[in-house]
Structures are given as C-alpha cells and as structure tokens.
Ligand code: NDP
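Here we start with a single chain on its own, the form predicted alone, put down as structure tokens.
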Amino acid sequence: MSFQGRTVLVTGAGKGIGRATALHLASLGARIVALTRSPADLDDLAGRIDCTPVAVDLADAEATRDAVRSALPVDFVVNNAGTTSLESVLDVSSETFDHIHAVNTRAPLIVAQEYARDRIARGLTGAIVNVSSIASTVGFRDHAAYCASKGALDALTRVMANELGSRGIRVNAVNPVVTLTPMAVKAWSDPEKAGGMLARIPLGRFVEPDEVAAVIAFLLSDAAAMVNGVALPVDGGFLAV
C-alpha cells in the first residue's frame, strides 16, 4: 500500500488517532495537510513528518471552510477531529450539545463539501474517511451529545457515499471502541471502570491508535475501491456480543 505522491488532509492531526493516522500515512509516502487547534501540536508533528500545518478551531464554521480552501488541492480527506463532554441527558446544556455537534458533525460536512467540490471541478475521484465511534450505535451513559453527534456522522457518511459515489468519491466511516490515546489511558486507567467495557470485547483489550490508522489507510487506498458507505467497527468484537 503506497501513498507516494498523494496528499491527505487530516483534521485533529495533533493528537490521538489523528496524529497516528498522519504518521502512518506519511510512512506510506503521503504528504500530510494537518489541521488542528493547537499550534504546539502542529509544530511537533511538522518536526517529524513532511506536512503543511494549519491551525484552526473546527467549531468555527467559516474558519474551517477558509482553512480547507487554503489547503486544497488534496487527494484524500480524513475527518478525525472530535470532542466530547460527560453529561447526562438531563444535564447536557444547549451550548455543550451545539459545540460537540459543531466539531464532530458539522466540521466533517464542511471539510467534505470543499474537498468534493474541488475534486469534481477538477474531474478527479477521491476518498473520505470519517472517524466515528461505536458510540454511534451504543447509548453510553453520560454521553448524550457525543453519541448523538456520532450517530449523525454515520448517517451523514451514508448520504455522502450515496451522493458523492456517483462522482467517483468514496466515503466511509471507522467506528473504534475505546482507543488508547493519552487522554483515554488516563480516563480508563481504573481497572474497575475499564472492567465492564473489556468484558464485552472478545479480544480482551482496547484498540491502539495505530490500529485505527491502519484501517483508515486501507479505506483510502485502491485496495478498498469498492468499499463505499460503510461504518466499519474497529472494536475487537464489542458490537458482536
């Protein structure tokens, strides 16, 4: 699998799955356009790989649109950036709900719009991978806004696949279980808390960021030329139980 001579735009590339994806794709020859909010994270990434760093707050719709337009053209897109807040249905505020949807659902739409318009205008095909979650189909307690945003992202992925597929642009989602980013390692370090989740995973462990990155690379590649509109669990069998 080679991405030599290809450019991939990755949102949320400064940390976690986004960073692992940027590093993995770069190892396969890709040049990365890295969008994330933290300039420090971008500086660190740029010191490791050939990338174009773009600092942007993806909760800002117009700033997101401007950032993507400035980065084009690119060959592929990975909509990875996401955020969450632990609040129940009874407690989640309108402001929190709107912010999470702005980052997790609206930003991927804006990025996809600008990318697809550019590819179509150039008469080129392409591929988009949206990083979703098993939370799109599982009602985890205290994740009301997050679960809703990922469910919406899966639905948006299906519509994109339908509408853009006829233009030669494939769109898929990956849906990881708990992924051991630095933040998740801290959040799930308590064996009592992690025990219930791990007991539902037949493979007996959480997923590593590099493992999600490898699936993303596959979905972008020609090896997945007839894969379009799927929400692919990367969950060790969690959803099978």
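Quick caveat: nothing in here was measured; it's all calculated off a predicted structure. Counting begins at 1, following the sequence as shown.
As for the form predicted in complex with the named molecule, it is not shown, yet the points below apply to it.
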Item to check | The unique member of Val103, Ala112, Ile169, Cys147 whose heavy atoms fall within 4.5 Å of the named molecule in the predicted bound form | outcome: Val103
Item to check | Heavy atom within 4.5 Å of the named molecule in the predicted bound form - the one residue of Val177, Ala67, Leu45, Val33 that qualifies | outcome: Val177
Checklist entry - Tell me which of 86-94, 132-140, 158-166, 68-76 has residues with heavy atoms within 4.5 angstroms of the named molecule in the predicted bound form? => result 132-140
Checklist entry - Any chance Asp57 has a heavy atom within 4.5 Å of the named molecule in the predicted bound form? => result yes
Next on the checklist: Check Pro233 for me: does it contact the named molecule in the predicted bound form (non-hydrogen atoms, 4.5 angstroms)?
Outcome noted: no
Checklist entry - Might Ala184 be said to contact the named molecule in the predicted bound form, defining contact as any heavy atom within 4.5 Å? => result yes
Checklist entry - Applying a 4.5 Å heavy atom distance criterion, does Ala22 contact the named molecule in the predicted bound form? => result no
